[in-house]
Structures are given as structure tokens and as C-alpha cells.
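The data below hold one chain only, encoded as C-alpha cells and taken in the form predicted on its own.
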Amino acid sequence: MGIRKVDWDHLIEMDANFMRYHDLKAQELQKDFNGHVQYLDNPTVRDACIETYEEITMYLTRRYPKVFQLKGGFVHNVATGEQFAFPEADPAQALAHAALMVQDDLVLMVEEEDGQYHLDAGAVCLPGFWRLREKYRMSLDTLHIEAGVPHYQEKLMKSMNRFFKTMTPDKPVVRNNFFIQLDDGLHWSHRMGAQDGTDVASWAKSDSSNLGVEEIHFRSERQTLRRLPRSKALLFTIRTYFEPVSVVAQEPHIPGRLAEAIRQWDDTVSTYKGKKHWEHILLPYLDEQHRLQVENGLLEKEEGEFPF
């Protein structure tokens, strides 16, 4: 599963791109609130939504006290000038408030009567190539199987279900992944189809015509997972790091390392990540950037460690 322990101080990460993420989230919520925020209307899920807002508020006001301040019955965001009622009794508003205070998307997995965890609530504004309504109420297994996650059933399913059931509130974890995206849509990849369309976005229906390397972006998700202490729901935070490949490739060692990682994918992973749609453009570019780094002596410094 590629999970690691995460220190509480790094559970939510903020950086200089906060306003870009915030403004894009706010635009998406204004455009289609119900498309981005949903919850199953039962006592457990309602409580989980409200608890998510409470937990994130308490975390941010302690971890980033110069930006987030709790006073007078409101959470104040000094950076944006926003203030949100606290506490908040409406589950949808609670999720929306929480989502606007972080750069992450938020997903709640809740154990139902069938013994499976289901995606029963979420505030998802920047998914890139999936819609909340498509995955809402799906079980953990169905989410991964329908998405075609490589080797899930034979290698990951049993261990992931067991891990979900045994998670405790005091031990959050983190994992990272990465994808190649064909355009600059942080909130939605327009080359994967229309955002307001009905077709599920897939590489089979993607448009890679007239693609240039300057359009290709590196998309990496930093996912944290923790059990909420009161509702017992599992909270996913999904923070996307999103940069043009042409920018990422300027970092020493990165072009060679990324090209090597891509070439090691088996056929299943390659299909899942759409390799055939962009490899003929990206891999020669990465190879050339790696060659230039070697010639310029940029690789003489020892390479650092990365989580993926």
C-alpha cells in the first residue's frame, strides 16, 4: 500500500500556493456546490462531517495560529479574510468550510452494515479526472476495482480491508502517488472529457492530439488517512501537487529518476496511467534533460530520498 507513519505536525501541509488552491476551490463550490460536496444523511455520517470540520479547525488554529484563529464563534482565516461559524451544525457546510481552509480534498469512508467501508461523504473540488457523484457510496473494493487500480484484487484487497478495520485515531498514515496529466487543469483535466459530462473520464476516451511537452504536467497526490475519534469514520485528505513537467525536470536527478520509474511500469500499470498517450513525447524529453544535467555536472551532488 506504500503507507508510512506521519508526524502530527505534518498531517496538513500548507505552502505559498494556498491562495491559488483556495480560489479555485471557491470557484468550483460556487459553480456546483452539490457536485462537489455530498454526504449520506444518517446520524453517523452527519456526525463525521461535523467532526471533520472540528478536527481540522482545532488542528489549523494550533499548527498555523497566525493564519487561523478561533474567536467570537467563528474561525477566522487571516489570509483570505473569511470567517466561518464554529461550531457548524449543517454537515454540508461543515465539509465545505473545512475544504476551504486546506489545500486538500476531503473524503470520508464509513463502515456500513455490510462490514465494508464506503465513500459516504466528501468535499472534492480538485480531483483532476473523476467526479464525486461517480464514486459516492461505493465500497472500498468497488472504488479500486472499477477504477482499474493495478493488481488490487490479487495483491492489495485483503491487506487494505484489514488495515482499514484496525486503524486507531492516534496513528495517522500517509502515502504518495503520481500521474502524468496532459493539460494544466488542476481541478479538471479537459483532455479527459468535459467536466460536466456524463461519461466517466478514462484514458480510452482521452484526447492527446497535438500534444506538446509544455502542456504535460506532473500530478502527485499526498494522501493522509486517520480515524476520527468520535464518529470512527476514516478521513482521507488528498493534497495534490501539480507542476509542469518542464519545471519539475529542472531539479537535479529528477528527469532521469522519473524516466526510469516510468520504464519500470508493467503493462497493467502503464495502461492505468495512460502511458501510450504521452510516452513518445515525455520520455525523449526527460532523457534529453537528464543528458544535459550529466554534461553540466548537476548530478555530482548525492541524490536525496523520495517517498514514491
Ligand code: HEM
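What you see is a predicted model, and the numbers here were worked out from it, not measured in a lab. Sequential numbering from 1, following the sequence displayed.
Another form, the form predicted together with the named molecule, is not on view; read the next lines as being about it.
- Contact check at 4.5 Å (heavy atoms) against the named molecule in the predicted complex: none of A26, T57 and F86 pass.
- Contact between Y272 and the named molecule in the predicted complex is found at the 4.5 Å heavy atom cutoff.
- When contacts are judged by a 4.5 Å heavy atom cut-off, F129 counts as touching the named molecule in the predicted complex.
- Proximity of F74 to the named molecule in the predicted complex falls outside the 4.5 Å heavy atom cutoff.
- Taking non-hydrogen atoms only, M109 approaches the named molecule to within 4.5 angstroms in the predicted complex.
- The candidate stretches are 34-42, 272-280, 65-73, 256-264, and the one lying within 4.5 Å of the named molecule in the predicted complex by heavy atoms is 272-280.
- Among R175, K171, K232, R137, the residue placing a heavy atom within 4.5 Å of the named molecule in the predicted complex is R175.
- Only one of H144, K165, R133, H190 comes within 4.5 Å of the named molecule in the predicted complex through a heavy atom, and that residue is H144.
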